[in-house]
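Okay, so here's just one chain, in structure tokens, the form predicted on its own.
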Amino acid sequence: MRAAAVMAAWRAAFAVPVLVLVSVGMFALAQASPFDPVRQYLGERAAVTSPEVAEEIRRSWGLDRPLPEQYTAWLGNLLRGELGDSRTFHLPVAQVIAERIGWTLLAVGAALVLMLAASLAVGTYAAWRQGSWIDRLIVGGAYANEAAPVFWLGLLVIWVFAVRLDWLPAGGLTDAAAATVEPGDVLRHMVLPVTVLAISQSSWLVLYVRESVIGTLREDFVIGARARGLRERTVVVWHALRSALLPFLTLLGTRTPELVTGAILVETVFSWPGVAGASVRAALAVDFPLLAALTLLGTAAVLLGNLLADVAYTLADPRVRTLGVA
């Protein structure tokens, strides 16, 4: 536990300058952007709005001030917990995130569990049947799935299961006619987006588990387990798979950015009311207060994912603590 605590402290100290650099980069990109947030805010009214009114809006938002001054003011508000108001949703940014982050965590958490369970089972089975037709089918399917865009996969399952077969709803959180949010209704609407997100991120997991288990099956301790007369299933699951999963914990943390990106696309395609989908609306509307908060939140999620993966590896493998790698 001490090694994990030391690692967490070092990572927390490292996260501060990373978040600062990300925030500086956001302001630099916003300054270089050709899009005018005032015109985006006004929409069609921009053509009939007088320049004086547009300039007054710009002054009220502080857009007429130098970039360093804008950044200093924003950073000071952030440290005080004031994230500003969303120009897209016409609500405080903190309220927009609070109302949506739970749905994102629900969808991503369910997809992560499904992805891990299915990928471990499929990858281990492919390694067990190495060289067979089903192994080649799994490997080929994994490469094809890796090449398929997430939004294409989402549109495909909507066409098949919602349009053609009419088994599941095409999107949203509940039915359009629903007056309340019922758990059963939410579960039905979760099936397609959660499944698409899990499948889209599972290819690398399947391939990695397959290769790792194949390598472990050649180790002496696995050969010894077979020589002792243990069943093949016991040898594969309780010996080969357990040893092959240690490096997988760290790899899982490095793939967190892909999970965040996949969540953005899936929430957009399926109209899921989470923070990932809100970032797309914020970007299209040049809603900088909301976009800045969501960008920092995504960066923090990536850093936290890497930290949790490294801590899990440290706790799972005593050699890391013994050698002082942590």
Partner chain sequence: MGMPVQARAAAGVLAALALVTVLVPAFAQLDQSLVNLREAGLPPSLAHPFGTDEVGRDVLIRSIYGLRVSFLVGLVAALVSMVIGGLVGLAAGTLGGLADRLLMRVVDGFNALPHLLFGIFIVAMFAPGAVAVVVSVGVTHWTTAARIVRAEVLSLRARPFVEAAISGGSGRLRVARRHLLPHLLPHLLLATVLMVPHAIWHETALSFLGLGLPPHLASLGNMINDGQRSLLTGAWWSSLVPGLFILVPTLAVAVLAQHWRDRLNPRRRSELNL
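Positions refer to the first chain, counted from 1. As the structure is a computational prediction, the values presented were derived from the model and not from experiment.
Note that the form predicted together with its partner chain isn't included here; everything after this is about it.
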Could you confirm whether residue 261 comes within 4.5 Å of its partner chain in the predicted complex, counting heavy atoms only?
yes
Residue-level question: is residue 288 within 4.5 Å of its partner chain in the predicted complex, judged on heavy atoms?
yes
Residue 38 versus its partner chain, in the predicted complex: is there a non-hydrogen atom within 4.5 Å?
no
Residue contact check: residue 221 to its partner chain in the predicted complex, 4.5 Å heavy atom:
no
Are all three of 73, 168 and 309 close to its partner chain in the predicted complex, meaning a heavy atom of each within 4.5 Å?
no
Within 4.5 Å, heavy atoms only, which of 163, 187, 79, 227 is in contact with its partner chain in the predicted complex?
163
The one option of 57, 280, 67, 42 with any heavy atom within 4.5 Å of its partner chain in the predicted complex is 280
Have a look at 95-103, 208-216, 82-90, 121-129 and name the one stretch with heavy atoms inside 4.5 Å of its partner chain in the predicted complex.
208-216
Of the residues spanning 267-303, the ones with some heavy atom within 4.5 Å of its partner chain in the predicted complex are 268, 269, 279, 280, 283, 284, 286, 288, 291, 292, 294, 295, 298, 299, 302
